[in-house]
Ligand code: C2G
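Let's start with one chain on its own, the form predicted on its own, as structure tokens.
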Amino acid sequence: MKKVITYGTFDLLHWGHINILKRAKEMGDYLVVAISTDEFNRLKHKESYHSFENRKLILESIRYVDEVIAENNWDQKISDVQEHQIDTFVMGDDWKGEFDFLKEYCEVVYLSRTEGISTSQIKTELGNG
């Protein structure tokens, strides 16, 4: 079985998120999604509308997602890859090159983002509404 992992906050879920989850799942048989905990988001100075537990619940209901785990810090990626026996690490291409250190442990793939949508865009447009 080929296992794939991706990371994110996955707040204000939109079709760009669904696209990356679908494309990541197509790269293997089992998709693990690591989502930032509320505590980790605070460390990153990032605020989520939905709590970790609610974002986890939402992601677990998506058919492409097989397992959801917590992302507690920047440094856990190597141990996640090893513990979950990951074959492929997938991120959006806005992170290109940032996770190449994982190539020692698994394949690293940067997927192009979905044009015309982002969580930042949604937050900006709602703020102006």
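Predicted model, so just to flag it, every value in this text is computed and none were measured. Each residue number is its position in the shown sequence, starting from 1.
Not pictured, yet referred to below: the form predicted in complex with the ligand.
Comparing 79-87, 60-68, 38-46, 100-108 against the ligand in the model of the complex, the single stretch with non-hydrogen atoms within 4.5 angstroms of it is 38-46. Residue 14 belongs to the set of residues with a heavy atom inside 4.5 Å of the ligand in the model of the complex. When contacts are judged by a 4.5 Å heavy atom cut-off, residue 94 counts as touching the ligand in the model of the complex. Using a 4.5 Å cutoff between non-hydrogen atoms, residue 24 does not count as a contact of the ligand in the model of the complex.
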